[in-house]
Ligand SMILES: Cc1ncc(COP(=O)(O)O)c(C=O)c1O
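Single chain ahead, written as structure tokens, the form predicted on its own.
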Amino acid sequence: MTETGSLLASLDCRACCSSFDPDRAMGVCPTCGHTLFATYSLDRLGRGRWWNELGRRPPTLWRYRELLPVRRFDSVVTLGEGGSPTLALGEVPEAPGVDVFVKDDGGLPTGSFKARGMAVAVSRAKELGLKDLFVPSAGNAAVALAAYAARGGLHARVYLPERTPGPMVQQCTLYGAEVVRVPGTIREAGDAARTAERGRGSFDLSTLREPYRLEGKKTMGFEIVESARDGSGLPDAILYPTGGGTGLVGMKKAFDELAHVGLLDRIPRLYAIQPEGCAPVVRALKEGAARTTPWPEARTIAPGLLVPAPFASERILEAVRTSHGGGLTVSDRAMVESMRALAARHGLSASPEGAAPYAALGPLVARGEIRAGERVILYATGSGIPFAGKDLLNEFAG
């Protein structure tokens, strides 16, 4: 069997309603510059047979292949990504009566949820004949691109803020990627990358600036629903650490696709959790704005959340609002305390980003947005190993 059975039909722009051939290598919409979304022939899925067959397939994200964009198995670049556990935390003192779980992506290849998006994006790039890939990143996306490009025999160049944790920089180099250090945040790294890459014939894998990382990220939503097959375990709310916001958009896309084929009758509320020192999405939600505005003098100990101006922010806000969710900020100190609590109370290693939802849980309960009797998933996006032994509050925020 050489064909995956992908039902990929087109690339669509929600902003200008343009539609494009998905078998052309494309970044943003050439008409208006907004994000392109992969669209599938969902009516051809055969929902019952497909849903029942998933449990018999290998436990990687590629078991959802009909709703992923890669058409041929020989184009798949994989390190075994997907299938991360959803772990019950038991009683959490800060959230009495709430049924709390952690979806832990820290054990995925390269140590974070970025493996999902890069596995699919790099696979599709290989299928479309692309050879030279680049990404600006706060760290985890760069490590993931470096690893998957090496696995797929492609060249990778990563643009990293100067304060990116050393282990992440070293991993990129070890995988053979070309590393470019840039003063400032991910915003400056993105500007530098797009200036340097202009005219080189390389392909930009930046967050929401190409269609396929999103498709890998939506498997987070598929896995959450699949782990609650009878509906009884479907969460009421998902707390998600938000930097570039692709995960929120991806999970909402997954839920919408499953609802379209009759496999889901309600959608969990999505909550964007951001640090106090860089919270453009939470601010826009609070103000009722259609899109974010750049956050001045952004700072936080969490590299992946240091995104002062997320691209396609209107899609992030749309995902949260249409799920009837919300947003909350947490302090750097609360993230560090939550890293310690997850480790000491529950045996879980989480990065500052991955610990942010735990830090937000108690305040959301106090505000009445999370209620006793509800089932809540805290999305832990990365491992705490790169931060082990570091004085985070002084080293990264000082």
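All residue numbers refer to positions in the sequence shown, first residue = 1. Keep in mind that this is a model prediction, so the values were computed, not measured.
If you look for the form predicted in complex with the ligand, you will not find it shown, but the lines that follow are about it.
Colleague: Flag residue 114 as yes or no: does it have a non-hydrogen atom within 4.5 angstroms of any non-hydrogen atom of the ligand in the model of the complex?
Modeller: Looking in the model of the complex, residue contacts with the ligand include residue 114, since a heavy atom lies within 4.5 Å.
Colleague: Is residue 305 one of the residues lying within 4.5 Å of the ligand in the model of the complex, judged by heavy atom distances?
Modeller: Yes.
Colleague: Heavy atom to heavy atom, is residue 241 within 4.5 Å of the ligand in the model of the complex?
Modeller: Residue 241 belongs to the contact set for the ligand.
Colleague: Does the ligand get within 4.5 angstroms of any non-hydrogen atom of residue 245 in the model of the complex?
Modeller: Yes, residue 245 lies within 4.5 Å of the ligand in the model of the complex.
Colleague: Can you pick the stretch from 86-94, 245-253, 285-293, 158-166 whose heavy atoms fall within 4.5 Å of the ligand in the model of the complex?
Modeller: Comparing against the ligand in the model of the complex, the contact stretch is 245-253.
Colleague: Since exactly one of 300, 140, 123, 185 fits, which has a heavy atom within 4.5 Å of the ligand in the model of the complex?
Modeller: So the residue touching the ligand in the model of the complex, by this definition, is 140.
Colleague: With the ligand taken in the model of the complex, which residues across 371-386 come within 4.5 angstroms through any non-hydrogen atom?
Modeller: Read in sequence order, the residues that approach the ligand (within 4.5 Å, in the model of the complex) are 381, 382.
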